[in-house]
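Just one chain follows, in the form predicted alone, and it is written as structure tokens.
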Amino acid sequence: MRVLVTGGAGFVGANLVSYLIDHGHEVRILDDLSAGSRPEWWGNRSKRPQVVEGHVEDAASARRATRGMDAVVHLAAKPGVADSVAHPEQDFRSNVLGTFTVLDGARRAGVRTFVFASSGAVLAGATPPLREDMAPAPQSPYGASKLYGEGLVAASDVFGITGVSLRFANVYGPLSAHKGSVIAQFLKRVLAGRPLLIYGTGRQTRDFLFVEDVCTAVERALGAKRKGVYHLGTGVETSVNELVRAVQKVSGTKGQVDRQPARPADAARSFVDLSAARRALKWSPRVDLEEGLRRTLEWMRSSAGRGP
């Protein structure tokens, strides 16, 4: 397939671009390169993605990028609950206006499949395990922006587009050195000999999903015959305190812990029921947390750790 990946120079995007190229797809990316990413981080491949440098909220860039594509994977977004609370106007521009603009470009270009990267933040106020039949309960502008995107993507079948929204759990893995997510921060701090920061009690839980498993799910979604919303995760509930112990184990350290006040709009518990993704996409995660942490740490320790 000819696939446009928005945000293809970011963490998940760079992994996905490499994965899709390795699996025979022709890939184009739309990215503003704000994360400092450069093409060499898509690996040493004979085939490279075509790069359209621009913002997703810019209509001209979106139309240029979507032209001639079979499918769009819309990853580009302003991530993070805390940042959306601090700067809701930025969250709106990137996540609401940006999603509309890219989908409108896809409509005009005759794209047939649109895969949207959503989030469990849509259900931040719900009691886990999170399921697709639960009533939306966002607790932040970020969660609300993802809910908007899901609605818009679901309605795109009126234009002949098969829209699939994938609610990512907490994704981690190689190419994440620039990220502010908890695993990326823990591993960077371990390597630097600095204390691990825990906000609140550390009893808050998350479902940690290795990026390679995300890539597999996205490719399955590209072949979907009908629209849908699916949770992606492992189904395993892991507390931040348990994550600390896992990081200490794989790194062979007994790093110090620095406890900070809890952050606003931070969900107390989050893990998913992935039954729907198993049924509809024929997908299940393969990498457990310990293996994923080890592979991510090895990447950070290598010369590749200077990537995006």
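Start at 1 and count along the sequence shown; that's the residue number. This is a predicted model, so every value here is computed, not measured.
Note that the form predicted together with a small molecule isn't included here; everything after this is about it.
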Worksheet item: in the predicted complex, which of 218-226, 196-204, 75-83, 147-155 comes within 4.5 Å of the small molecule (heavy atoms)?
Response: 75-83
Item to complete: Work out which of 59, 244, 280, 35 lies within 4.5 Å of the small molecule in the predicted complex, going by heavy atoms.
Response: 35
Worksheet item: Using a 4.5 Å cut on heavy atoms, which of 169, 124, 106, 187 is close to the small molecule in the predicted complex?
Response: 169
Worksheet item: So in the predicted complex, are 10, 94 and 118 all sitting within 4.5 Å of the small molecule, heavy atoms only?
Response: yes
Worksheet item: Just to confirm, residue 63 within 4.5 Å of the small molecule in the predicted complex by heavy atoms?
Response: no
Worksheet entry | Heavy atom of residue 55 within 4.5 Å of the small molecule in the predicted complex | yes
Discussion item. How about residue 210 - does it come within 4.5 Å of the small molecule in the predicted complex, if we only consider non-hydrogen atoms?
Written reply: no
Worksheet item: Is there a heavy atom of residue 142 no more than 4.5 Å from a heavy atom of the small molecule in the predicted complex?
Response: yes
